[in-house]
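Encoded as structure tokens, the following chain is the form predicted alone, with no partner shown.
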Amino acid sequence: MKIKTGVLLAVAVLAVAFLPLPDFWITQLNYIGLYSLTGLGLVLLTGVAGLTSFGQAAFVGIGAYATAWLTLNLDMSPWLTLFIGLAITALSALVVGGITLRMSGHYLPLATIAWGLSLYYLMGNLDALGKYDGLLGVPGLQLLGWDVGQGRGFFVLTWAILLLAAAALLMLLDSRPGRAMRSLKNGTQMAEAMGVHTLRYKIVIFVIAALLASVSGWLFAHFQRSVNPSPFGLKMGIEYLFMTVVGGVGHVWGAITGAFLTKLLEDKLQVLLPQLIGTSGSYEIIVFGIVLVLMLKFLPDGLWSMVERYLPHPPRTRHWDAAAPLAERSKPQAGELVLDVQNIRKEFGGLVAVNDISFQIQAGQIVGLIGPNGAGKSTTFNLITGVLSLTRGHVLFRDQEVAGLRSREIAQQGMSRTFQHVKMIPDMTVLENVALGGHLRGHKDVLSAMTGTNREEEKQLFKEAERQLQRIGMGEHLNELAGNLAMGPQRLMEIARALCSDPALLLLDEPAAGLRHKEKKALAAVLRQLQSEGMSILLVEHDMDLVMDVCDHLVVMEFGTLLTQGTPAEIQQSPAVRAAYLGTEH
């Protein structure tokens, strides 16, 4: 159904070329198509991954100058120069992205401004590129002997490329690598814990956005028949971002919506404002600034978000029943030592947060890590899972040293976790959030996702995600948005997501926090069920009723040190534990 709808949409859009529209409007639509291509990259870069960039116009310039110089100086076919320009753009984006994407906060957008300006002035000062006068006489495009021209033929070519790019991005976002990309915006800690190489995915997104901009620049050069640095400076980089934000930076169709409205509004304002004010000037920039402030205040998700409210959102069709099950890792035998924590220590400057803690977990065992607030439980948990680095000590997982490994590398070994404060992607369904947990069990890459050759693997991942949701009693919530769930189901969803990675050890960080009595009973039933299936669990929890009910062994911490450990019955009888919790031994 989606394919049929997409084909009908493409036919309807391309049919515009055959309508009796004035040439002026066709030209405007050509510009809108060019701007939208660059905007699609910003949807992926800024809307999906949360990476603000003001430098996309520079990549448009690379594509434009590459084809202009090669066709004029080496008499190359424009279709060959397209691929050369894409190669140059990809290399530039890899270098720039590899450096700047390690930054965060306001440093990242400032860095994009810096290299955007650098490329702009480089283009304007090289004799080979004609300095600020640019390169003139760029030939038009020929396709199988047909002169594409600058009118309706160019419209068909540009919008066909644009619609193909939009379809490719939609398929990408609804895939294993796409879910990994969508996990980047709300923080990298959860993504890394699911096995996502966050820096690599940021660079991939950056390169894709740059390549889309380069294609736009290639088309622009052959449309204008000349290039100069003016359309590739910081001003245009800001305008691209403005268009995308207005249309809806988190939506693929928002890029086209924003380019369409901005271009039409700009043309109208350039005529109307001088008439109203009585003098000429770029007053439309002032209006755009006001519009942007109002949009960010009252409609931060852009105009397309309003349209999307009224679009049907049918549940995902279950088409994975016949899919082959995913490969499973070998599991430890009952009684086998799974986790061996040996004298781990963490110092923050002069503060010793964890002081030589040791304990073990055997296969099929639920071990509780408890203690008063500030005891160092969460720090210990984060040392085991690779979020924090050890000052000294050892963490052995199935006889393999994992201390010093990153979170994603530890996840790859077979350790999976949840979080004290639920971390999820609220605008994805429960099924999609849980499928993210199986990231390491899939192998199809970005290109496979964009071309639709990953369908069988997607079926396998969704089948596994549904199995884990059924396993914990949440099978009826498959198609609900995760952000609409109450706290109890959200925490169960996190457990299902962790289970989707097929772990040998499950680490739960305060899973009962914020739950009502019935929800805690349901959680306890889930934990007992998992234990009966052979799962080993490390539980950090404040709820003593839950801990005493489900745990086989307890490790008690106080002020970063090991107070005692033993069975729940032994811990309940310990005077030292009562003193730690109540402040007295009586």
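Note that residue numbering begins at 1 and tracks the sequence as displayed. Every value quoted in this text rests on a predicted model; they were computed, and no experiment measured them.
Omitted here: the form predicted together with a small molecule. The next part is about that form.
Next item on the list: Decide whether Pro231 counts as a contact residue for the small molecule in the predicted bound form under a heavy atom distance cut-off of 4.5 Å.
Entry: Pro231: no, not in contact with the small molecule in the predicted bound form.
Notebook entry, point to check: Quick one: does Gly149 come within 4.5 Å of the small molecule in the predicted bound form, counting heavy atoms only?
Noted result: No, Gly149 stays farther than 4.5 Å from the small molecule in the predicted bound form.
Note to self: Whether Thr71 contacts the small molecule in the predicted bound form should be assessed with a 4.5 Å heavy atom distance threshold; does it?
What the structure shows: Flag for Thr71 set to no.
Item checked: 4.5 Å heavy atom contact, Tyr121 and the small molecule in the predicted bound form -> Although the small molecule is absent here, Tyr121 would stay clear of it in the predicted bound form, with no heavy atoms inside 4.5 Å.
Notebook entry, point to check: Quick one: which of 301 to 309, 460 to 468, 377 to 385, 401 to 409 gets within 4.5 Å of the small molecule in the predicted bound form, going by heavy atoms?
Noted result: Residues of 377 to 385 come within 4.5 Å of the partner.
Next item on the list: Work out which of Leu265, Ala353, Val422, Ala168 lies within 4.5 Å of the small molecule in the predicted bound form, going by heavy atoms.
Entry: Here the answer is residue option Ala353.
Check: Looking at Thr317, Gln275, Ser330, Asn373, which has any heavy atom no more than 4.5 Å from the small molecule in the predicted bound form?
Finding: Of the listed residues, the single hit is Asn373.
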